[in-house]
Structures are given as C-alpha cells and as structure tokens.
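Okay, here we've got a single chain as structure tokens, the form predicted on its own, with questions on binding and movement later.
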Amino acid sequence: MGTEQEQRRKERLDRGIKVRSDGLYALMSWRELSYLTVPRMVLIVGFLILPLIMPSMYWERVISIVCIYALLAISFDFMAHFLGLVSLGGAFFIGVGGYISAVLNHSLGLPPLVSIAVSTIVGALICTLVLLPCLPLRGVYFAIVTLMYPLFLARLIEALNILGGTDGIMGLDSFPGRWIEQYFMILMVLGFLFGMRRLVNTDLGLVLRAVKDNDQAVRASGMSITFYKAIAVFIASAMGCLGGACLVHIYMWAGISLFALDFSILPIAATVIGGSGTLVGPLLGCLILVPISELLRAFGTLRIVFYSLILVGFIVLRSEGLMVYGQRKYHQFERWVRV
C-alpha cells in the first residue's frame, strides 16, 4: 500500500484543461469532457425536472415566477458586470412588455405565444429608445433614472386612466396548458443563460467589457460607445419584456402592479446572493429567494426583515456569492495520478 502511494501524487482536476481552452472542442478525453459538462448538465436536468417534483400546482406556478425573476437578474448582471451600467429598471421592462402583450392579446386577439414574441421585440425597442438619452450616464445617475421610469409610468396610467387604469386589463388568454407554460419559461431562461454566456466571450462581449473598463480607448478606436451600449440595453430589456409578457398571461391580467419595485430590487438581491459576473449565479439566487418569499408570505411586510437579514448574512459571510464560491471549490478538487 505504501509503495502504491509513493508512485502517485495529488493533482487538481482542472490541470491543463483551463490552460488549453474553456471550449469543448479542445478537450481530448472523456474525463476532461465530463469536467466541463457535468455542472452544466446538472443545471439543465435539475431545472427540467423541477415541474415534475413540485408538490402542487401552486409551487409549479412559483417555478414560473422564479424564471421571470431569473430573466431580470441575468439582464441586471449582464449590464452591471459586463457594461458597467447598474440598472434599476427591471420593473420598467416588466411593465412595458406586459402591457404590450396584454393589448395585443385583448384588443387584437393575438394568441399568447405570438403576443409574447412580438411584445418582447417591440418592448425591447421601446425601452432602448427611451433609455437612449440616458446612456452617457454611469453609476448612480443611470440607476436613479432607470428607477424613475416605472414610477412615472405607473402614476401616469393611474392619473390618465389609460390601459385600464387602476383596474388594469382583464380577461387575457392564458398559456395553452400548464406544462407548456412551465417548460416555455424554463427553456427561455436556459436559452438566454447559455446564449449570454456565449455572447460575453465573443468579440461583442470583448468590446462591451472594454467600454466598461476604458470607454475613451474604445472611442479613440473609432467605435461608437452609444451604439454598443444600445445593443446591450436592447438585449437586457428584451429579457425583461419577455418576463413581463409571460407574467400577464400567467395571471391573465395586466395592471400597474407590473411596475412594482419588487421587480427592480429582488433581481439585485439574487445577484448578490448568487454571485455577480457569473450569469448563472443570479439564477441560483432567484431559486433561493423567490421560494423563501413565498414561504414568508404569511408574515406580511415582516418578510422584508427576513430579506434584510439574509442579504446582510451573505454580504458579511459570502460577499463573493454562492456561485463564485462553488466554482472555486469545484476547481480545487484533486485526484490521485501516477507519477
């Protein structure tokens, strides 16, 4: 036994893999392939079986709400970490996408899936155009402006009694079936998640990070900073508008509660808990926070106290976020190899 141990040594699992490439095409053995694919497959398979293991239809609906918040959290993480724009406009995106889909379905009679697709694109265009004059702003100034839009639109709808006023638009069509609703939302989240992870590693992602780090150097290279920021805002707002469009067909109603600040605050909290800059971290944070929010609903407004305690605990004890901590531990796994 001692001789066997003398001929072996411990080696980290990721030795040599990260040096060559993060892409699957550069891997040579099934062990290296599994090293990168197993975490992804756990996420995909685990997410796909969630509706099957939920104890009731109520908790199946919670999974749909998790997906909506996950879209907002991923868009927030994308803009904040890769572009340097801290957006508090999650409620703005939800409201615009939700009301457009509601009008298309209620007034024009479009099926839910068609109205969702149209409102995602049209809503993203509207949000991008509205935020276009604000793109030169950075930091807290951009955050404050994006926070004002949902408050302004909610009071405008209420004061002018348009789009149903305080009663909202009722009688919207729901998804054709609960399984279609569940898996449509899940597939959209997984599609945007892996699509965004691929996007940030392309040339466009490199330019966006350059805009965040040194926008003057990008401008000196002859590239339009406003153009690239507008592309990023369009992508982020499309995710939010998709979530809002799905939300109104889940509840079959659209009202000024779509502009509630929960849609702006909870994605930030989920990003803090899951880990900023990972994209999958905000999804993990939503999987934790949204069910906890439902479990604490009986406490009424006191659940904000529990939210605060959870956030303070994570900021003090795990300020990097769960996903960053988990990735580091995963890369530190070791195995015995022959010398």
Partner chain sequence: MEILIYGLINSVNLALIALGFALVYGISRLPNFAHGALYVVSGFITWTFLRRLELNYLLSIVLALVIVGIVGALIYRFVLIRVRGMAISEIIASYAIGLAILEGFRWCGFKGLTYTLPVFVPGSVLIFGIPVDYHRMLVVGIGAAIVAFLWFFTHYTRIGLALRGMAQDERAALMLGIDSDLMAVVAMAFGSALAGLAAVLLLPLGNIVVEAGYNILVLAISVCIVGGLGSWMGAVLAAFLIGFAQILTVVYLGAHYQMVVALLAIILTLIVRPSGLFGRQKELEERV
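Residue numbers count along the first chain shown, from 1. What you are looking at is a predicted structure, and each value in this text was computed from that prediction instead of being measured.
Omitted here: the form predicted together with the partner chain. The next part is about that form.
**Student:** Within 4.5 Å of the partner chain in the model of the complex - does that hold for a heavy atom of every one of Leu151, Asp215 and Ile225?
**Tutor:** Yes.
**Student:** Based on heavy atom distances of at most 4.5 Å to the partner chain in the model of the complex, which listed stretch, 233 to 241, 111 to 119, 179 to 187, 262 to 270, is the contact stretch?
**Tutor:** This holds for exactly one stretch, 262 to 270.
**Student:** May I ask you to choose, among Cys134, Ile126, Val103, Leu199, the residue with a heavy atom within 4.5 Å of the partner chain in the model of the complex?
**Tutor:** Selected option: Cys134.
**Student:** Select from the listed residues Ile53, Leu295, Leu48, Ile304 the one whose heavy atoms reach within 4.5 Å of the partner chain in the model of the complex.
**Tutor:** None of the others qualify; the residue that does is Ile304.
**Student:** Give a yes or no for Leu160: in the model of the complex, does one of its heavy atoms lie within 4.5 Å of a heavy atom belonging to the partner chain?
**Tutor:** Leu160 belongs to the contact set for the partner chain.
**Student:** Using a 4.5 angstroms cut-off on non-hydrogen atoms, would Gly139 count as touching the partner chain in the model of the complex?
**Tutor:** Gly139: contacts the partner chain in the model of the complex.
**Student:** So, in the model of the complex, is Leu43 in contact with the partner chain at a 4.5 angstroms heavy atom limit?
**Tutor:** Result no; Leu43 lies far from the partner chain in the model of the complex.
**Student:** State yes or no: in the model of the complex, is some non-hydrogen atom of Val312 no more than 4.5 angstroms from a non-hydrogen atom of the partner chain?
**Tutor:** Looking in the model of the complex, residue contacts with the partner chain include Val312, since a heavy atom lies within 4.5 Å.
**Student:** Just to make sure I understand: among 94 to 120, which residues lie within 4.5 Å of the partner chain in the model of the complex, judging by heavy atoms?
**Tutor:** Not one residue comes within 4.5 Å of the partner.
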